[in-house]
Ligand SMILES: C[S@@+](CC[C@H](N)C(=O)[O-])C[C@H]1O[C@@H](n2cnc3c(N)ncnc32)[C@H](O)[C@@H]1O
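Okay, here we've got a single chain as structure tokens, the form predicted on its own, with questions on binding and movement later.
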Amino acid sequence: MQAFLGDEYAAFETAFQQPRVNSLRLNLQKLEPPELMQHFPNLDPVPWCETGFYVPFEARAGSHVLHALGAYYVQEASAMAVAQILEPVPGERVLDLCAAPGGKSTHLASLMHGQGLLVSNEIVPSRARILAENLERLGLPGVIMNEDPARLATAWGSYFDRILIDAPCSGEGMFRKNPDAMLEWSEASVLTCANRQTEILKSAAQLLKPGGTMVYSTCTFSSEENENVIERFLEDYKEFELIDIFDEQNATDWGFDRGRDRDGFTARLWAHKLRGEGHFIAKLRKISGEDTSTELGFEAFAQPFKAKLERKSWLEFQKDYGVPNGNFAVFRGEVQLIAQQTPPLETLKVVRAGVPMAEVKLGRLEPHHALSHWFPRDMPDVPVLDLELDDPRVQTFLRGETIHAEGAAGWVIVRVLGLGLAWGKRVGSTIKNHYPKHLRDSRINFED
């Protein structure tokens, strides 16, 4: 880095002695900025993300009830630039190829306004489940895959209009946030990551439509994993060209540096030049090539409603719980809302084919946790229990305990500030807790 940065190295080194920067990205489906500022008054906007805000570390945004409600995603500020630069258009087919834990996928879904198709892939099974939970918490749609990118390329061909590759890397930009990452670093790991990144880009090249756009990013600083990977890719894939990020964005005004690629079209985000931990971003266009995509959709994979009685039961559920119309199929014992453009899923490892609406249990339907978060603020007429933020029953419910409230028997959505938290089932004056066990946390903080 001394050789790379020259006179800037001293400032770069000093930046690692400073406290890390904390930030969040607001979910406009759930909350508007003035409402957020009622609970976090000391917010500064992130220049390159309209919904991004710097928040003091002392605010403990990750343990606030608003986080559990899906009102925002705690995301490192420089990482917010990546989805902004990809610029997904509502209605397009978009693939996030290395998506966990979900910061960039949830950002993409928000920018798409629920229109089109978002497929989010993660090769590590445990991380793929976390990815699904984060999309679910924010009430955002998406297909969640747990696959090797090469298998997706073989199955789908050039199916996508835009692809994001936030590639697994040596994580040098995480050193300030996570000092343990330094213990895992080595020159060998940098080279191993570069080889892996090259293979992922090969798969992405096959998955992108001619005319489509691709963004490659890392949270590391080494040229071997950034400019060198891109230069090698462009040499091997003549059908791609680099797009000048600085022509399309206000990147200079935001404090981004030009990368060291041959044209200076890539972007570098440095911790000593802006409020963030650091990123590298390259944007590419596929200017030619054959369209190899398949149009056969999810119907060949998902299990449809089998009988009139089953269909009737589902229609009644839709009416009772305000479920919107759409394409529905039964997948792994769940009725899921499936995006129209979902590609073929058979033979692939699928975590979620769509958004779960109901669970099929012994011939009956029960509302799925995801449905309680799917509703925006203008929720349809479904049974609810509204609680204030400082109501002690909120903390009790988040710990997985029963709470008490009078009302009609049956399923209710427990809401806080008008936002769905989870389902409960009222029997008498007792509401039995259906907040998922793996999400329960007794450390929730209620500081405003």
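Just count from 1 along the sequence shown to find any residue number. Keep in mind the model is a prediction, meaning the values are calculated, not measured.
Form predicted in complex with the named molecule: not shown, discussed below.
- Picking from 192-200, 83-91, 339-347, 267-275 the stretch near the named molecule in the predicted complex, with a 4.5 Å limit on heavy atoms, gives 192-200.
- Residue contact with the named molecule in the predicted complex: Gly103 places a heavy atom within 4.5 Å of it.
- The named molecule is not drawn, but in the predicted complex it has a heavy atom within 4.5 Å of Pro149.
- Among heavy atoms of Val360, none comes within 4.5 Å of the named molecule in the predicted complex.
- Although the partner is absent here, Leu183 is not a contact residue: none of its heavy atoms lies within 4.5 angstroms of the named molecule in the predicted complex.
- In terms of contact with the named molecule in the predicted complex, the residue from Ala205, Met112, Leu135, Ala167 that brings a heavy atom within 4.5 Å is Ala167.
- Among the residues Val124, Ile287, Ala188, Leu315, the one placing a heavy atom within 4.5 Å of the named molecule in the predicted complex is Val124.
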